[in-house]
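Consider the single chain below, provided in structure tokens and representing the form predicted on its own.
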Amino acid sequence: MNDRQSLIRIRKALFSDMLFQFKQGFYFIYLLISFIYLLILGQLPFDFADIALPIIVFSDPSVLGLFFIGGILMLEKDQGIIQTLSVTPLKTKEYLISKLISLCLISVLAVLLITALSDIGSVNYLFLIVGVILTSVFFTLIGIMITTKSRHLNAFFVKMIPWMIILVLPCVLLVFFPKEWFLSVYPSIASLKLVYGAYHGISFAEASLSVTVLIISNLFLFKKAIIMFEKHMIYGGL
């Protein structure tokens, strides 16, 4: 019964989040961004576009997760929504799950649109969708944790910069060591390898390692995000 009630609360929260994001123009913005990506890809030689597409697909949920979640949470904090969670039936983990799913949905839809309209060869859509979902969850959770320690949106953007460097810069190692499997133990590299492999091929063992690393990382971050969110956003009064 408790699990069923939890699912009902998540479903209602998810509907509310999606409606909010639609009214705020998130879907329109990402539709526009997707077509801009397509225009850029269309101007590139095929060899460059073939490499650029996976990088765009990797960066899309990363940017969405980090940037949008900060704005969403800060807006809801200013509206007093977050502070009321302690007196509503909606639990913190349900609130965060709804945020994760809603942003994942936008990422997946945008990536599928870009991929479907791109002049690209065969695509492993299973690896692609799994990679996009896990990447979106990972970066969104990082964004949530950064937001919990930020008093306002400008502070969030300042604190986000070192995190972007820490998470994204190591991905450059793939240029010099593309075949080294041990790089997949770094979550952001695991994300990029999984997404890139969806377009250019990846062994089942390597894909499994990347998925395992991302799942473990996301579970750890989710538990950490719940603790930080309750401490600083709900009860801490940041």
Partner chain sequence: MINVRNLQFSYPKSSKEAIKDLSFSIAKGEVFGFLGPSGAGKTTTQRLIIGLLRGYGGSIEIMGKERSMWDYNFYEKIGVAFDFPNLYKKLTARENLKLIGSYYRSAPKDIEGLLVRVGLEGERNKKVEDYSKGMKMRLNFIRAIMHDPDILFFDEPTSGLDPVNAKIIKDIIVELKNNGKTIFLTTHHMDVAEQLCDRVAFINEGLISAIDRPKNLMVQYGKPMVTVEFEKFGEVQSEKLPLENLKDNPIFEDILRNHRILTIHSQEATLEEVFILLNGRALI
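Everything quoted here is computed from the prediction, not taken from an experiment. Positions refer to the first chain, counted from 1.
Separately, the form predicted in complex with its partner chain exists; it is not shown, and the next lines address it.
K.L.:
Given that the partner is absent here, does residue 122 sit within 4.5 Å of its partner chain in the predicted complex, heavy atoms only?
P.N.:
Looking in the predicted complex, residue contacts with its partner chain do not include residue 122, since no heavy atom lies within 4.5 Å.
K.L.:
Within 4.5 Å, heavy atoms only: does residue 89 come near its partner chain in the predicted complex?
P.N.:
Taking the distances in the predicted complex, the answer for residue 89 is yes, it comes within 4.5 Å of its partner chain.
K.L.:
So in the predicted complex, does residue 219 come within 4.5 Å of its partner chain, heavy atom to heavy atom?
P.N.:
Contact with its partner chain, no.
K.L.:
Might residue 228 be said to contact its partner chain in the predicted complex, defining contact as any heavy atom within 4.5 Å?
P.N.:
Residue 228: no contact with its partner chain in the predicted complex.
K.L.:
Report yes if all three of 12, 19 and 24 come within 4.5 Å of its partner chain in the predicted complex by some heavy atom, otherwise no.
P.N.:
Checking in the predicted complex: 12, 19 and 24 are all within 4.5 Å of its partner chain.
K.L.:
Picking from 81 to 89, 111 to 119, 164 to 172, 136 to 144, which part of the chain touches its partner chain in the predicted complex when contact means heavy atoms within 4.5 Å?
P.N.:
Partner-contacting stretch among the options: 81 to 89.
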